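Considered here are two forms of the same protein chain, supplied as structure tokens in two stand-alone entries, structure 1 and structure 2.
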Structure 1
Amino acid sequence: MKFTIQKSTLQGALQQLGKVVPSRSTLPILSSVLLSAKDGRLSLRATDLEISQIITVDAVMSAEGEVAVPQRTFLEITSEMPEGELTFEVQKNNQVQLTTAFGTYSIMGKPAAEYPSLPSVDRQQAVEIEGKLLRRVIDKTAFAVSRDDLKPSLMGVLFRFQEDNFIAVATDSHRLVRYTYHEPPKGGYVGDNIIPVKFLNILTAYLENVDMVTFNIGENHIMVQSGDTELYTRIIEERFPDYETVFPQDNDKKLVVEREEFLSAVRRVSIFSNRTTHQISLKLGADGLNLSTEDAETVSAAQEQVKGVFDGEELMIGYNANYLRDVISHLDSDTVKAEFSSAVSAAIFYSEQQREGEELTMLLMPIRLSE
């Protein structure tokens, strides 16, 4: 195996793969990236057994072949090299030699056969989504994903591809986000998949300036192709809870408030809330809402009045300030609408002006206010 490549090309690919390479693993081979030179292209692959990534780059091939090299050492070497070309050659016993205009560097590789095989994905089932749209979906939902391993179905975002629309849902059982796009994605695939949030976070980086992204959905894996990058993930094998039934239908107390004003008030008041509970209370009345918090431990308190339009009986309701802040900050119109029922039931938050073709709704559970 021998090829010549621009240093910056190789360095860029190794940097990107670094997000997938596990920092600690019981399998030493996982700290390596697999380099395959074939048909005039060089592909680099990394995996943590849950997520796999392949980046294909241009290189001038002299001899085809495969070898696994330690990602970290390889990246360090390329980072310290000046701009220019370098030649990569595999010698006997997987000994890798890098040659530049300045010198030669040697590093021990591992046989490609030791590297985990690439997941097989049935490419017959595919959907195409606009890169910008997918990025927006991830941005609006991923924050609400649970980290609780006792509820593994909530550790990813549910992607529901339907005949007439596409829905993404995430929840950690305290808050829930439902994003609906009213056009079916191209490809004709209909089905539900829970995609791990770690994968979605890595994927977002590849969605900027990408027109269309293809989701190839297999039995156990999903592969997303974006330009020269292929990302694979294992699917979460759980049943997502029936989220539609938790949306309340009869929340009759309605609030309309300026989003920025509301958000900054929550941020300020929450500074004085209890460090453990982050509890703040909202008093909803004809003048809008009054935010307040008290922390007996640090003897601190705060209150602010935010102007708004409220329609309904007065209500006092408590929230975890962090959750409330997350919800408001992920809505993006100038005005936020919220619908309440009682101090112990879920409220719905959404943008007053929804973007064309989409519907973004967030649900937030209150916390019982201490007397």
Structure 2
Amino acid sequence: MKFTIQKSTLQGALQQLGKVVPSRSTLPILSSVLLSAKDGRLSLRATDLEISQIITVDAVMSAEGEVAVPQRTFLEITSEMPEGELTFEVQKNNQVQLTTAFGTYSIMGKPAAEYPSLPSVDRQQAVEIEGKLLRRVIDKTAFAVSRDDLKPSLMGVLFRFQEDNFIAVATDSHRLVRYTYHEPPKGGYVGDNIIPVKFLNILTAYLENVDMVTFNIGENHIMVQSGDTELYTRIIEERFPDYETVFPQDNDKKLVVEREEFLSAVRRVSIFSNRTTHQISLKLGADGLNLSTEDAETVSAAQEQVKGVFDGEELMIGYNANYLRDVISHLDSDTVKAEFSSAVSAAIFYSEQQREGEELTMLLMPIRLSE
């Protein structure tokens, strides 16, 4: 196997694949990328066994072949090189030699046969989503996905394709986001799929100037192709919580407040909150909204008054400031509406002016205020 390639081309592909390569794994081969030279094109593949990515680039071929190379090492050396041509040659026993105009570098590769095979997407059904819409959906939901390995069903976003609309839901049990688009995606596919958030975050990088994205949905995997890049992911085969029953129906206390003013106050007050609990309290009343926090460990405190319109009996409620900040920052309009019931029940947050054709709703669980 031998080919010549531009430094920036190889470096760019290795950088993208680094998002897939696991930082730690019990399988050493997963720290490598598989290089395949064939028909005048070079493909690079990375996988963590759940997600696979293939990037195909231009290269000048002298001999075809395959080899697995350590992603980190090759990214580090190409990052330190000036722009120019690199010659990549695999010698006996998978010894890989990288040659430039100013030096030669050698490292041991691994046989291509040891690299995990590409997943097959059986019984495909296709559904098309506008690139701008998909990017917005990911932006509005991914932040609320759980990072807890013990809750696999919550480590992805539920994509619910229905005959008359499209719904995306994410939750980590503390907060929940429901995004509804009141038009069905193209393709006629109807079904539910929990898509890993890591896959969605990687996919976002390819949505900048893409008009339509096709999800090829198989029995266990989804494949998306964008230009010279193919992305595969295993579908999370768990039951997603019945999120509709979580939304309260009797929240009779209502708050209307300027979003930026509310968000800025949360950010400032939270600086003085306890570093473990991040607890802040909201006092809702006729004067609007009072935010406060106190940390006995550092003997610090803060409070701010934010103008707003509140309808209902006075209420004192506590939140994790980080979760509250995330919810407010992912709403769009100048004004936020919030609905409450009690100090121990979920509140609903949404934009006063929703975009045409969509409905974005956030749910946030309170925390018990310390005495």
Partner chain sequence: MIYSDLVWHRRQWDQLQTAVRAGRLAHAHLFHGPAGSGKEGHALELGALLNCRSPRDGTACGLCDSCLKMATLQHPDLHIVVPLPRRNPLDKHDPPLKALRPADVQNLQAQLQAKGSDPYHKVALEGAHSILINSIRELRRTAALKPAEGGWRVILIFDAEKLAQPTPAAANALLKLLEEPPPQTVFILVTDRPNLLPPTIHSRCLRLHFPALPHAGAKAYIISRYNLDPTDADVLIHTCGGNLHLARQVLASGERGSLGGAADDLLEALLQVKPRHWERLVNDLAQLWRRQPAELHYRLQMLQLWFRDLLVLSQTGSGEKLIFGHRREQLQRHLDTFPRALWGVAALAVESGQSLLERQVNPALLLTNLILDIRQAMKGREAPRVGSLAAPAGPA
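Start at 1 and count along the sequence of structure 1; that gives the residue numbers used here. Superpose the two forms; the largest set of C-alphas matching within 1.5 Å is the rigid core. In this text the structure is predicted, and so the values were computed from the model without any measurement.
Peer 1: Between the two structures, is it 1 or 2 that corresponds to the form predicted in complex with its partner chain?
Peer 2: Answer to the question: structure 1 is the form predicted in complex with its partner chain, whereas structure 2 comes from elsewhere.
Peer 1: State yes or no: after fitting on the rigid core, is the Cα displacement of residue 332 between structures 1 and 2 at least 2 Å?
Peer 2: Result for residue 332: no, shift under 2 Å.
Peer 1: Return yes or no for residue 54: a CA shift of at least 2 Å between structures 1 and 2, with the rigid core superposed?
Peer 2: Superposed on the core, residue 54 moves its C-alpha 2 Å or more between structures 1 and 2.
Peer 1: Relative to the superposed rigid core, does the CA atom of residue 101 travel 2 Å or more between structures 1 and 2?
Peer 2: After core superposition, the C-alpha of residue 101 moves 2 Å or more between structures 1 and 2.
Peer 1: Keeping the rigid core fixed, what distance in angstrom separates the two C-alpha positions of residue 26 between structures 1 and 2?
Peer 2: Displacement of the alpha carbon, after core fit: 4.5 Å.
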